[in-house]
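Just one chain follows, in the form predicted on its own, and it is written as structure tokens.
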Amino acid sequence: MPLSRALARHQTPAILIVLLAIIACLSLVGQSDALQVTLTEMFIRVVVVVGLYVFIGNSGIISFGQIGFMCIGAYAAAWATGEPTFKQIMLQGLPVFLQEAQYPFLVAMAGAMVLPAAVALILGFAIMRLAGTAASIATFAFLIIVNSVYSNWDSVTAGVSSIIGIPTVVGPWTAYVFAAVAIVVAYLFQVSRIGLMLRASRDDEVAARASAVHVLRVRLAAFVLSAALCGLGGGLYAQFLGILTVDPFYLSLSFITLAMLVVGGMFSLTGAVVGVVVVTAVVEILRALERGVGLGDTAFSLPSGSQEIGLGVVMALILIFRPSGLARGKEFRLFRAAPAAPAASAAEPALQLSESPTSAR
């Protein structure tokens, strides 16, 4: 394949990564703490929502349980990088190799991906046999189980108390790098043979099975990869805050990430990224209006709770006027690949050779 055609075919992840890099440069223009926090949270949510897209967008099954994997990944990173003194006092149920050591950042990120992926592999054998509403309810039940276990397992998770002493090494650029990695991984899965078979089962499961697609296997592969990416987002979140409790990883975060996916469009990678950026911008604008904006001698402010109302209005308008999301299920493309050379041009010499004996007669 010529280089120009290869670039044209795979331009989507490059465009998305460049657009996020432009947004990340805002952290260099404005050095306010609020802006740094907003950008870091946005890039972490890009990782999580891209993880949601890997499973939901390609399989068509709505999962409410992916934030449970984010919770597992966050605690895995906290166990790996937390202060050994704190862990020996408060987390006495941890294995000795976790209690007495403090591992590097990349080791913690690897653990934040491997542990949720292992849980998803075991859980997926049961859930992936279901479809539609039954599968969605099963994933929601998993989220409830994770929240209950982590809220009450005092010797391992500190229960409803906080785990402190986690190194805060994640900033806007670190989160951006991992967001770029998540985009590349999701795109490679999307264009892979497994991704193609999974989308075929999404569009017509009966036809896919008739074409020898093993639906359980391809769904399980997407489920495990999605859990790994969501766990990575959880690990980044723990290393961003430096303090960890189980409360954030429940209904509120589940609905906001699903809202981002729906607003952007759940059937394209572009939609997943655009949804995060747009919803983050809307929420930040509403927050600013809640704090108050000066208009001459008067100050204008929205009542408390306007963020949730505004986000609900945005979602309703998107669902009414663009049911397939802002991206409409399409990917960003700046240019199209040049058409391939016609097959007839290669066949003509062979045709002439085959006819030459006849003409000789």
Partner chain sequence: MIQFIQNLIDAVALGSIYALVALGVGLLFGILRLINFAHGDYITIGAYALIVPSADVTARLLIGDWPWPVLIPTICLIVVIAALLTDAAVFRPLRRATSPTLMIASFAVSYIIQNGVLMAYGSRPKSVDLWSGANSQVFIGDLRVPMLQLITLAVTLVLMVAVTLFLRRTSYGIQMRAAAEDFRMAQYLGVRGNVVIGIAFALSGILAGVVSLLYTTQSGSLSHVMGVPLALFAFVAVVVGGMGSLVGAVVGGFVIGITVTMLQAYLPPDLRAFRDAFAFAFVILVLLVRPAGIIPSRSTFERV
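Predicted, not measured: the structure shown is a model, and the values here were computed from it. Positions refer to the first chain, counted from 1.
As for the form predicted together with its partner chain, it is not shown, yet the points below apply to it.
Within 4.5 Å of any heavy atom of its partner chain in the predicted bound form lies no heavy atom of Arg199.
When its partner chain is considered in the predicted bound form, Ser136 lines it closely, a heavy atom lying within 4.5 Å. Although the partner is absent here, Val156 lies well away from its partner chain in the predicted bound form, with no heavy atom inside 4.5 Å. Within 4.5 Å of some heavy atom of its partner chain in the predicted bound form lies at least one heavy atom of Phe64. Note on the interface: of 32 to 40, 66 to 74, 306 to 314, 46 to 54, the segment with non-hydrogen atoms within 4.5 angstroms of its partner chain in the predicted bound form is 306 to 314. Taking Ser192, Ser211, Gln92, Asn152 one by one, only a single residue has any non-hydrogen atom within 4.5 Å of its partner chain in the predicted bound form, and it is Asn152. Only one of Ile166, Ala228, Val262, Val277 lies close to its partner chain in the predicted bound form, with a heavy atom inside 4.5 Å, and it is Val262.
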